[in-house]
Ligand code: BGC
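One chain comes next, on its own, written as structure tokens: the form predicted on its own.
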Amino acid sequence: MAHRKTRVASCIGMALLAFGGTCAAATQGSDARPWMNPRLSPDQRAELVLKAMTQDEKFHLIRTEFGDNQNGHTMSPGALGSAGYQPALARLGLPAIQESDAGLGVAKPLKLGATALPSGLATAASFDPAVAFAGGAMIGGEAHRRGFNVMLAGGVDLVRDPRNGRNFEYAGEDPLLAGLIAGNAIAGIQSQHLVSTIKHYALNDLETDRNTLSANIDRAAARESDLLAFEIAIATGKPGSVMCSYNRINAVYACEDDWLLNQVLKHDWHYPGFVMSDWGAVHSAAKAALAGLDQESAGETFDKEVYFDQPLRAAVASGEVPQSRIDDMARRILRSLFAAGVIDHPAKPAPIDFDADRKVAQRTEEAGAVLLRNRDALLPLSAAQSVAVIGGHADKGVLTGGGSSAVQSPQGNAVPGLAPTDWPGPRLYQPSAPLAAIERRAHGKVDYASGDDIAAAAKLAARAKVAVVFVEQWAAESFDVPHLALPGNQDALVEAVAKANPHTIVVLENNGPVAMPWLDQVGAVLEAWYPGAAGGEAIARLLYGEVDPSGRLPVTWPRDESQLPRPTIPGAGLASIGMPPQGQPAQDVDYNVEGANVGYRWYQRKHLEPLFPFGYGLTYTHFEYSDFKPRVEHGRVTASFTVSNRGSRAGVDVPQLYVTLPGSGEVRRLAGWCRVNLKPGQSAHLVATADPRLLANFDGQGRHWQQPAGDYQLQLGHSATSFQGEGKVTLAAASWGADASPAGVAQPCMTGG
């Protein structure tokens, strides 16, 4: 095959996409409502409304009601049956606020259904901000056509523990990757004229006893890890709202933490939007308002009292809270509504093209599924092979994570009635059956066994050329799993099938890393995450090579719990699904154990070899790197290199740029990456730019970022542990304030000359 070069690539040093406002209809507002003039800025429009508001209207704006009637709650007239509702202010021309869960699709109302994206980890595994933006735009469009104008999306808490029940909502363990992926998803949602939140601010990295758990961490370490992910995502996606979290941080509740909300978010990051509470996360009136909370969410249902009504009014009357703070709260909310286009482009019911939206979900899954193992090139499958499909309800559909982000298909739940049927259930399956998708492609015989009878499943597998075993791990908001083992008898099922058929493929539908005691006995493993509305079709296309696996792990995969910073989670578990809590929940979690060295950085620091490293993923072809040349240009650290497809198939590669700072030992950081699609024999010459935020440390005492002087080692990786190209650059010392951007901000990666 002739050696060719191409310039088709998408390289990431920082954000590719950022929400830049809306294009409103060019209609003048009347003299009575000058804020309806779309030619004015969001700040000008918000100020005009504020001047016209009464005190009662301001207090109306700074709290929402619960918008659902589930579990015996009373739903306000006019609410759409979802997370939050605020009646319209008709006198001012302001619409009702209709808030929808969540970041993977319109989670409610369940009766209507919506298109489910794959899990956030699948989107992160794509390493593709364009995929994140498209997914955000899809679910934002559906929300808008359901009548919603605020979407409770944008999960960006770092994965500090693979057992956290909400990891599937988030974007991995690395602050740069998580920030760019979540930020672009937010930008996609807001492109559809909705306000998107970013959540859960901050360090809501465990669910066990989340309402009182204190996440204890040095502030500088927080700025370099979880808060850096939020900083990048906010700069990228410009979310209209930040949702403060349930937990405490260093003993202070997040929704009344002045350092978190006022000092970091609003002062250092110059955030112009508003802070809303999570549902049940408010514990005070004056203290929360003065600390920076702008809106109380569903306090009448979830808080001990509605703090942002009579208690806050009393605090204003006594002078404890100045009137200027109430005005600032209302102004910030109004500004976000105008900036996102909520006022100029009212949400209203409209037809939804579910077929087109399913294609978006399918492309996300195909970009984010990770091939973990492929011994002797067992994959891709041949249409001529007979197949035994086993387990995981693969004859019905694919699994979805639970809690407030669970999205039900318009066709309903493919496997109804599984525990738990109440919160954090119901346990939902998307009606996209892998079995049917495999049958459409296979010319040979295809048989199915549920896996409940292990001996029968093994017998079926022995008669087929290949066996595909689907295993699953359900996780959800409000609980963590106590261990990494797959639930039930699934490990025994895989071992029995693999013993009966050496050509066994395992497909994982799960929240994140799980134990795989059978790994060396199977031929291939595909990490499908929670694969979304078209998951069955996407999985079949990947198995049969209609699309090349291109996902890379956004989380490190430990060998077992002993490798984790905290081997146990006291109190983790959920009795209703057969995992009784293990002991009493702790009231504190010590994140200073790893500090800013989350995930792959922890493994480097402790000299641990994980089962699969961050950034790892196989393809059906083979890529090589050459001509690696790091340099400093105009104050920016860049690296040029060539990527070549040496295999016989087209495929996607994700070369990753890592940097080790002087004096940091062996702990390297992801500083940028590229995503490139190459045909057999093609090459691409690329230039990646290191994000300057990854070239500095945060000085907690001096409250500034410090770029140390010395040699910086740059490495080009296939993952966080496999490199093909390295070099050094020398940088002078530099610093910038906590409220300033670094000089020489990186631009997106480019093709080289």
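The first residue of the sequence shown is number 1, and the count goes up from there. In this text the structure is predicted, and so the values were computed from the model without any measurement.
The protein also exists as the form predicted in complex with beta-D-glucopyranose (BGC); that form is not presented, and the subsequent description refers to it.
The chain here is shown without beta-D-glucopyranose (BGC). Which stretch in 507-515, 452-460, 228-236, 273-281 comes within 4.5 angstroms of it in the predicted bound form, by heavy atom distance? Selected range: 273-281.
Heavy atom within 4.5 Å of beta-D-glucopyranose (BGC) in the predicted bound form - the one residue of 361, 152, 106, 260 that qualifies: Result of the distance check: 152.
Sort through 83, 97, 249, 464 and report the residue having a heavy atom within 4.5 Å of beta-D-glucopyranose (BGC) in the predicted bound form. Among 83, 97, 249, 464, a heavy atom within 4.5 Å of beta-D-glucopyranose (BGC) in the predicted bound form occurs only for 83.
How about residue 561 - does it come within 4.5 Å of beta-D-glucopyranose (BGC) in the predicted bound form, if we only consider non-hydrogen atoms? Flag for residue 561 set to no.
Answer with yes or no whether residue 552 is in contact with beta-D-glucopyranose (BGC) in the predicted bound form, where contact means some heavy atom within 4.5 Å. Looking in the predicted bound form, residue contacts with beta-D-glucopyranose (BGC) do not include residue 552, since no heavy atom lies within 4.5 Å.
Is residue 668 one of the residues lying within 4.5 Å of beta-D-glucopyranose (BGC) in the predicted bound form, judged by heavy atom distances? Output for residue 668 is no: heavy atoms all beyond 4.5 Å of beta-D-glucopyranose (BGC).
Can you tell me whether residue 128 touches beta-D-glucopyranose (BGC)? I mean in the predicted bound form, with a 4.5 angstroms heavy atom cut-off. Output for residue 128 is no: heavy atoms all beyond 4.5 Å of beta-D-glucopyranose (BGC).
Of 397-430, which residues get within 4.5 Å of beta-D-glucopyranose (BGC) in the predicted bound form if you count heavy atoms? Sequence-ordered list has one entry, 404.
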